[in-house]
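First, one chain by itself: the form predicted alone, in structure tokens.
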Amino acid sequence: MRTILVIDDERPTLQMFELYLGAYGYKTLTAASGEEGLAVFDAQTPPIVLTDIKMPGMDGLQVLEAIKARRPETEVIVITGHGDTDLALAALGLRATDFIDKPIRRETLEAALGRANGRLDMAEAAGSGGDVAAACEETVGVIHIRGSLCGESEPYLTKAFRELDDAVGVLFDFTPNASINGAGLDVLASVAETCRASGRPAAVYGLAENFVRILDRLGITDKAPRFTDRGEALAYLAKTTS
């Protein structure tokens, strides 16, 4: 089981994480401030970091930025206030790989850690941070997105999109553990807009539920509706183009 660093200025919260993560077999490191957390990260280089956003001194966004500058492949999950979309967007813009809201629910935390472990497993197996690939399913083009969609993904997403010139519609198909950061959201919005401008419908499938409000805020779901059922997404594209 992997090592997780938890950074939060509330001691009871750190104790809760130690008990919970320890019960699941994780080696858990804790820090009560951003400065302390960064020192622990430098000494231990854990692959997963959970950090609260609002802390005195060095806040979670500063911690996130510092960790990503040191080791970009680290899975950093930020903890935001309930429904705080602005902070979530700011964190994604700094390349956070996921976010969870307070109060923290067990199933939400488990899902976020599951996605982080899945991306780390895939990166270790492939030796890369993920990939983008295009395929056709009958007349619909499908862009499979694994790992993290980020700024570096843009040439691969653009290439995949060009390979689907003959498709009547495009499905952005995220694997269950896929993530997307701020730069990736910009890339997705741009390609979705290109679809709309060319008269081809687009849809999104598979991105985790907590990203829905982010897609809504950025207007991406207006250009490419999100579906939780892959068959329904394909049917939507087929119907729209018939």
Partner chain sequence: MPFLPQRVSLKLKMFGGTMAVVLLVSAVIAILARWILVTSLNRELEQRGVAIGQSIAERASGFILDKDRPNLVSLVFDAAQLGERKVLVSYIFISDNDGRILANTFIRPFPADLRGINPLPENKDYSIDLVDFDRSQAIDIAVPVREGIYTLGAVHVGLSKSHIDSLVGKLRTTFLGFITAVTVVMFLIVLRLSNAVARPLSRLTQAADAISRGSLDAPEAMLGLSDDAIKHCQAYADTDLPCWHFDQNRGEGEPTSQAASRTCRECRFYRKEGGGDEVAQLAESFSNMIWSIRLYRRRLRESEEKYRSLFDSNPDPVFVVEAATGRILDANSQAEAVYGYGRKELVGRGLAELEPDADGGVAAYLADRDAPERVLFPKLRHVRKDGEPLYVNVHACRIAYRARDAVIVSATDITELVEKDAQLIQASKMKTLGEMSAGIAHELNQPLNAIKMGSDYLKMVAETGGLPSPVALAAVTGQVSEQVDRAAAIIGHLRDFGRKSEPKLEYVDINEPIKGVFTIIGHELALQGIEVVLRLAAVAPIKAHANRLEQVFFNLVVNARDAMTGISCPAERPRRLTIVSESRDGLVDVSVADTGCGIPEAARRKIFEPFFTTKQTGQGMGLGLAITYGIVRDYGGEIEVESAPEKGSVFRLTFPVARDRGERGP
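Positions refer to the first chain, counted from 1. Nothing here was measured: the structure is a model prediction, and the numbers come from that model.
Keep in mind that the form predicted in complex with the partner chain is not shown, yet the notes after this line are about it.
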item: Partner contact for Glu10 in the predicted complex: the partner chain, 4.5 angstroms, heavy atom; value: yes
item: Touches the partner chain in the predicted complex: Lys54 (any heavy atom, 4.5 Å); value: yes
item: 4.5 Å heavy atom contact, Arg105 and the partner chain in the predicted complex; value: yes
item: Contact test in the predicted complex: Phe17 vs the partner chain, heavy atoms, 4.5 Å; value: yes
item: Heavy atom contact within 4.5 Å of the partner chain in the predicted complex, the stretch among 183-191, 23-31, 38-46, 170-178; value: 23-31
